[in-house]
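So here's one chain in two forms, each on its own in structure tokens, numbered structure 1 and structure 2.
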Structure 1
């Protein structure tokens, strides 16, 4: 399958689309904010006029959108994907949304002969640019096998984890771990700084031990520079943790630490920092301790 449609060219979607173009796929793109399409169009993509138009010209349609309502509108709404998709089209939703929403959208897609996968990603903008995202996929094995090579152009690991909705359950687990890692890193670095120990040296001392992690390596250097330019915005992590809390409550699973980190991020949002990178969680601790972690 060479004809791909891509809907949603934001911080993550744009570099993902560009990697598909570099791999030689014929790409039709669409975003409700027309200027977001410019770079992909310059790189050789075709301009889509709507989700319907994109789907009518594609064998595979990829959506990369902020949350469940946006995906529902893009797929099920007027002039949406299902209005233009032919039977046999494959829809791959790479957004991070509620698992139940994935299942509901997939059921309506199946009724029109469209197979669907939920395939959220992890890695943020740097890995989207590098094409090294971790992609976690839910949906039928046959559909997964058909598009795995396409997904591999955007990610270094592409793993089917189960039926439709399983990809987003996996992403919720991922986002809980990432948020709590950032909070733990923040507590530790603020403590070290307040105690008069160089946080850069603390980072170098512990990164090779049990406390070392991808989160530590990615976020501490940015915190040391006071760089909270968004690779993944706090407001989007709030959305993911909200979905995690809702899903956990539906299933009767206690997630007390997730509830705490949610309130930390809500406090930062109230303080005007919703568009900061989620590494900016450290600012919450800095404000409380009245110290800044800077190299």
Structure 2
């Protein structure tokens, strides 16, 4: 499989597409915003005119789009991927979307002879550029085996976790834990600071024990500097937690903490902080407690 279509050349999609070009694949690209394609075209990609056009010229079609509705539109909509894809084409959706949406889209693709994987990523723009994303894949083993080498050009770990939708389920599990671990760190550190204890000393005292986490080590030092530059923006984490809540409600799983952290992020968004790093969840607490966690 040498002919790849790539739809969605945003902050993440563009560097991912460039890494495929660098690896020697024949790439046809498409984005609804034409100027987003410029860099890939200059690097040797062919210009696609629509999802349909891209699919008609590709053996594997990759989509990297903001959320479930965009993927539905690009794949199932008019002049979409399924309008142009021949039977045997493989569709790899690398967007982070609702797992139940992945399953529905895959079923419609299947009906046209198109096998689909959901393969959301974690790691953000720097790792997209470096080609070191973590890629979590759901879908048939044999489809996975066919495109694994392609995915490996964009990520340093490519793990199949189960059937279609499993990649996005894993991503949601990841995002629930990250948001809640940040909020946990925030409640603890703001309480300690307001109680008059040096937050840096609290951090050093607890990080080696059961409270230790990658979030603690990554986000406390930034909070101590008041640095909330993204990183991963609160508005994107809102999208992921919205998908987690929808999925949980449809499946009958209570997620009370996730629903509270959603409200906290919504409050920050209402306060104009949606584009801050998700480490800025601590600002919700700092503002209400009238204290700043600073070294």
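Predicted, not measured: the structure shown is a model, and the values here were computed from it. C-alpha atoms forming the largest set that superposes within 1.5 Å between two forms make up the rigid core. Numbering follows the first chain given and starts at 1.
Each structure shows the same chain on its own, and structure 1 is the form predicted alone. The listed options are 116, 169, 144, 30, and the one placed at a hinge of the rigid-part motion between structures 1 and 2 is 169. 15 degrees is the angle through which the smaller rigid part turns against the larger between structures 1 and 2, based on C-alpha superpositions. In the core-aligned comparison between structures 1 and 2, the Cα atom of residue 219 sits 5.2 Å away from its counterpart.
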